[in-house]
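Heads up, the chain below is alone and in the form predicted alone; it's given as structure tokens.
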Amino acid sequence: MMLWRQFASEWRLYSRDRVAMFWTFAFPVLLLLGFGTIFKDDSGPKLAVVRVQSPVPTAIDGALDKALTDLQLKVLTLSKSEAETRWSKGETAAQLEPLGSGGGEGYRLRLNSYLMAQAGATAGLVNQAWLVAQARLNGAPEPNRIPVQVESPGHKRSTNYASFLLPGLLGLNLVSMGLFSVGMVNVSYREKGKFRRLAVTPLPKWIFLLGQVLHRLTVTVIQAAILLLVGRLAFGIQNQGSFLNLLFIMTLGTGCFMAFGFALSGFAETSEGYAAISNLVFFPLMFLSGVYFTLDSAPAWLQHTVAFLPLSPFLRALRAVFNDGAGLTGHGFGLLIVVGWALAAFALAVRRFRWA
């Protein structure tokens, strides 16, 4: 009964903070809906090329335009002056320009060095279209293109960015819960003298701490349920694997990142100091662990280093189960890394924890 009252008290205090409620429950949903809609696979052509009009259109120009469209490139045809204005503003990833008076004299493809991820993919399709256009114009057989199949790494089904993002947001929520909710609240309680007052009350300390832990666990469950429901309704995303495996990974991550929050709170005397410390941990985890994008183009040493951060193997295991229906086999070492971080953070939390 005493534990239940403490648990209910934690929820009452938490529900009064509307800002915290928004960032906890609404903001992850807005991220999923926003990014999932922007990068939705069936929303139309993603790659675009600006096509500078030829002063004197030729047959090869028409053949190239048709080949570009057949390869599902979005072609924006502009005059030379309009194209240059757009290029100078940095709005163009790839620009196709005729040499001389028309395409019969060849083309030049300009790629924006700031947008190489998009420009490089566009350049490959433009070159394919050029080969196809020449073959059609000369009456020769079209070159055979290697067929492309889009699927998730586990070959379970075709996937989209929203299904990649959703597990990342689940993991990021756990990190936020541990670092900002658990850690910040404990520093605030110590700063305001709540821990000192608690020491002279009949409330056992273990009930106070367990009430906090149970509150955070229920918040995590509600967060995950809301994201899973929105993902299912908005994008047709659903768990492809075992819910027991999913629950095991989520529980492991929850324990790990809550331990992080307790550990870091022992290094700060004020809420402002803790904010600086927690952000030093939060932002590297968020940007380097594959929440929003992979690091496949990063240097090898960085990829190997990131693999030993707790969030990175956690997300790999979570995505394997959620998106591909995989089991835990093959993720044992990664989950051991998460366990190792959890134990180290818990030991540090015990060593640094104090009531006053």
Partner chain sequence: MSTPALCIRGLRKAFPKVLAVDGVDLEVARGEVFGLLGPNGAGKTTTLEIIEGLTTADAGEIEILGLTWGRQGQEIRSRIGVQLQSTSLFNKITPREALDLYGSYYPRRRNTQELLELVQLVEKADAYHITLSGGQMQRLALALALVNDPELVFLDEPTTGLDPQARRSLWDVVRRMKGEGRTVVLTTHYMDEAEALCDRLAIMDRGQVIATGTPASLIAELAIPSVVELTFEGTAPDPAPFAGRLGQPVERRADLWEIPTPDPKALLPRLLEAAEGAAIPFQQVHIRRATLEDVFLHRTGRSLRE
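Numbering follows the first chain given and starts at 1. Definition used throughout: the rigid core is the maximal C-alpha set that superposes within 1.5 Å between two forms. Since we're looking at a predicted model, the values are computed, not measured.
Not pictured, yet referred to below: the form predicted in complex with its partner chain.
Only one segment in the set 231-239, 191-199, 80-88, 259-267 has residues whose heavy atoms sit within 4.5 Å of its partner chain in the predicted complex; it is 191-199.
Although its partner chain is omitted here, in the predicted complex all of 2, 12 and 16 have a heavy atom within 4.5 Å of it. Taking the partner from the other structure, its partner chain in the predicted complex has no heavy atom within 4.5 Å of any heavy atom of residue 281. Shown alone here, residue 111 lies farther than 4.5 Å from its partner chain in the predicted complex, counting heavy atoms only. Although the partner is absent here, residue 135 lies well away from its partner chain in the predicted complex, with no heavy atom inside 4.5 Å. At the 4.5 Å threshold, heavy atoms of residue 203 reach its partner chain in the predicted complex. Heavy atoms closer than or equal to 4.5 Å to its partner chain in the predicted complex belong, across 236-257, to no residue whatsoever.
In a rigid-core overlay of the protein, residue 192 has its C-alpha displaced by under 2 Å between this form and the one not shown.
Superposed on the core, the two forms barely differ at residue 270: its CA moves less than 2 Å between this form and the one not shown. A displacement of less than 2 angstroms separates the C-alpha positions of residue 251 between this form and the one not shown, with the rigid core held in common.
In the predicted complex, the separation between the C-alpha atoms of residue 206 and residue 264 shrinks by 3 Å or more relative to the displayed form.
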